[in-house]
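The chain below stands alone, shown as C-alpha cells; this is the form predicted on its own.
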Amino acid sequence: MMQGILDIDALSVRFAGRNSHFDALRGVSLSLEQGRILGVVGESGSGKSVTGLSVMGLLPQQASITGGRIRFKDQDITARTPRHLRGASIAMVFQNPRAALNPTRRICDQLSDVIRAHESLDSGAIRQRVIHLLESVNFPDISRRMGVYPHELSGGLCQRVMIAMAIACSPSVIIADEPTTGLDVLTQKAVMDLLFRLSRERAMSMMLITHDLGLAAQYCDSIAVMQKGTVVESGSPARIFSNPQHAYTQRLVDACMTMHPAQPHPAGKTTSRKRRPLLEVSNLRKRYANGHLAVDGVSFAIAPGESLGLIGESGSGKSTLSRLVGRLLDPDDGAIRFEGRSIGTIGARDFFRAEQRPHIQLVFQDAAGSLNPRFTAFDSIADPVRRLGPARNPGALRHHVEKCAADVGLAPALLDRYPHQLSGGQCARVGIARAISVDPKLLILDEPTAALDVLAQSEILALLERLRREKGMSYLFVSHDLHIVRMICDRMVILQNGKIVETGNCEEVFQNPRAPYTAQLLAAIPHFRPASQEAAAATGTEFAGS
C-alpha cells in the first residue's frame, strides 16, 4: 500500500456485549494521501463511522481495537490519539451538527473553546480568529449571528459552524462523517463545495464517509467500498462506479438513483385526474407567531391513486404544508377539502374525532424518533387500530398487525422488538405499517427515506410503489431529493418561500424546467459523469460540484 498522511493497516474493532461480542471492523486497510479526498461508502452498519471514530480515538467504552494499526505522519496512534493531535491535526465533522454542538453555549464561545485548547492567544486575537473562520465558511451576517445559540440556526448553518470548528487549528486531516445527511440539495451542494474548496486551498486531506454515492463520485479522488466491516473494493470513482468488480458494489450502484437517469414514473401514464379529486387545497396560508409566513397562497389537488411530490429546500414550507393537510396544524386562511368535504375548518385538536382521521395518515422523516420507545413494533402498529379502527379481539388484532407487517416486508420475529433494537430501514417499515394499519386513502410521507442508506432507500421506495398499486392509495410525498420524487411520483409541486413556483408532470419538469429556482435545484443534484471525471484525471484538473 502507498504510504499516505494517514494509513490504516488491517484494523479490527470489536464491540463487547453482556453475553456476546460483535466485530465491527475486520482487517480494514485504507490510505489517505496529502491534499486528497477519500470517499468511504457503504450501507448502514458497514463500519464506515467506526473507522472514523477509531482514527479520532473516540470509540465508545464497549469497543476496543483488537488488531492492526493506525499511523498519522509516521506516528502510531492506534492505542491512543494524543490530545494535542485531536482537533489540531486531525479534526472531525459529525453527521448531526445540532447534536454535536453544545446547546447551552453560543457559537462564538464554542469556536473560541477549540482555539484556546490548542493555542495561547488573548481574547482579542481569538475573536478575530473566530470572525475569520466564520468568513472562510461563508457564514452570513457574522456580527449579529456569531452570538446566537445552535437552536437559532438552520441545519445548514449549524454544519458550517461545525466545519469552522474543524478547520480552526488548520488540521492536516478532516474526517467528515455524513456531513450532508438531512440537508436539502442546495444546502448539500453548498456544504460539499465548501469542504472541497477548503481541502484544495489548505492542502487538507479529507475522509468523506457517506452513503450518497453521487456525492462520493463527484467530490472524491478515490473510493473505498465497505461491507460488514471490511473493504471489498477500492479505486478511482470512474473505475468503481462505471465498472464495479464486487457484487456488493454493483448492488450499491444499481440502487443509487443519482447514478442512472430515472425512467418516467409508470403510473403517470395511467392515473386519471378527471375524476373528482381526493384532496383539494385552495389558497392555503399559515403564519407562525414570530411573523414568519410559512405557507402563502398554496393551491393543488391530488386525484385518487395519484402520487404528488412536494419539493423545496429547507424552510420552503414543505413540512408546514404537510402538517396542515394532515390536520396537525390549523391554517390561517384557505380551504382543505377531502372527498369533497371541508376538513380545514375542523380544529387540529379535534380532528382525531373526525371520520376522516383514519383516511389521512402520516409517515414521518425520523422513523425511529416517531416511534414510542416504550412500544414494541407490534404495539406501534396496533396503536392506531385500537384508537381509530373498529374494535377487535386480541386474536383478530394480532392477525391484522401481522398482515400489515407482512405487507411492508417486516419479519414476524421483529414485532416484539423495541425501536432501539431495529435498524433504520426496519423502523421505517414499522412507521409505514402503522400508517397503513387503518386503511388510509391518503398517505402523507415527510422525507421518509432521508436518513437511510442507498440500499434501504431503494427497498423502501419499491415497497411504497407496490403498496400504492395494491391498495390504491394516494401519496403526498414531501422530499428535497428530486430523483426520488421523479421515481415515485406522477406530478411535482416546487415550493420556494412558501409559494408554488412550478408544477407539472415529473418528466416534463426534469426535461424543461420553467422556473429559475427549479433549474437551480436540478443543477445542484450530484451527478456522476465517468467521461468527465476520467478526462479530469488525465489532465490533472479539478472535478467537483461546480
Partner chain sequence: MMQTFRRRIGARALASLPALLGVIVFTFILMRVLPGDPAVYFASGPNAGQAEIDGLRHKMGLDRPMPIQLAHYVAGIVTGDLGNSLTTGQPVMHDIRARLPASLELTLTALGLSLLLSLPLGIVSAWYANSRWDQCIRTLCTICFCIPPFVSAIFLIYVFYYIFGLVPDPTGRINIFTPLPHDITGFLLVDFLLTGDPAGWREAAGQLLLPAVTMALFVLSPLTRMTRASLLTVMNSDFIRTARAMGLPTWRIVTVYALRNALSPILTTVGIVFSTMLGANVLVEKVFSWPGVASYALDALVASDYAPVQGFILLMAILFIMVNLLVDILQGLVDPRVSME
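All of these numbers come straight from a predicted model, not from anything done at the bench. Residue numbers count along the first chain shown, from 1.
Below, we turn to the form predicted in complex with the partner chain, even though it does not appear here.
K.L.:
With the partner chain left out of view, which of I90, I77, A405, V130 would have a heavy atom within 4.5 Å of it in the predicted bound form?
P.N.:
It is I90.
K.L.:
Though the partner chain is not shown, can you say which of F338, Y219, F94, F241 has a heavy atom within 4.5 Å of it in the predicted bound form?
P.N.:
Residue within 4.5 Å of the partner: F94.
K.L.:
Applying a 4.5 Å heavy atom distance criterion, does G67 contact the partner chain in the predicted bound form?
P.N.:
No, no contact at 4.5 Å.
K.L.:
Is it the case that S120, even though its partner is missing from this view, gets within 4.5 Å of the partner chain in the predicted bound form, heavy atoms only?
P.N.:
Taking the distances in the predicted bound form, the answer for S120 is no, it never comes within 4.5 Å of the partner chain.
K.L.:
In the predicted bound form, does D296 come within 4.5 Å of the partner chain, counting heavy atoms only?
P.N.:
D296 lies outside the contact set for the partner chain.
K.L.:
Taking any heavy atom pair closer than or equal to 4.5 Å as contact, tell me whether G369 reaches the partner chain in the predicted bound form.
P.N.:
Because no heavy atom of G369 falls inside 4.5 Å of the partner chain in the predicted bound form, the answer is no.
K.L.:
Within 4.5 angstroms, counting heavy atoms, which one of the listed stretches 429 to 437, 276 to 284, 102 to 110, 179 to 187 is next to the partner chain in the predicted bound form?
P.N.:
That would be stretch 102 to 110.
K.L.:
Do any residues of 132 to 151 have a non-hydrogen atom within 4.5 angstroms of the partner chain in the predicted bound form? If so, which ones, in sequence order?
P.N.:
Contacting residues: Y149, H151.
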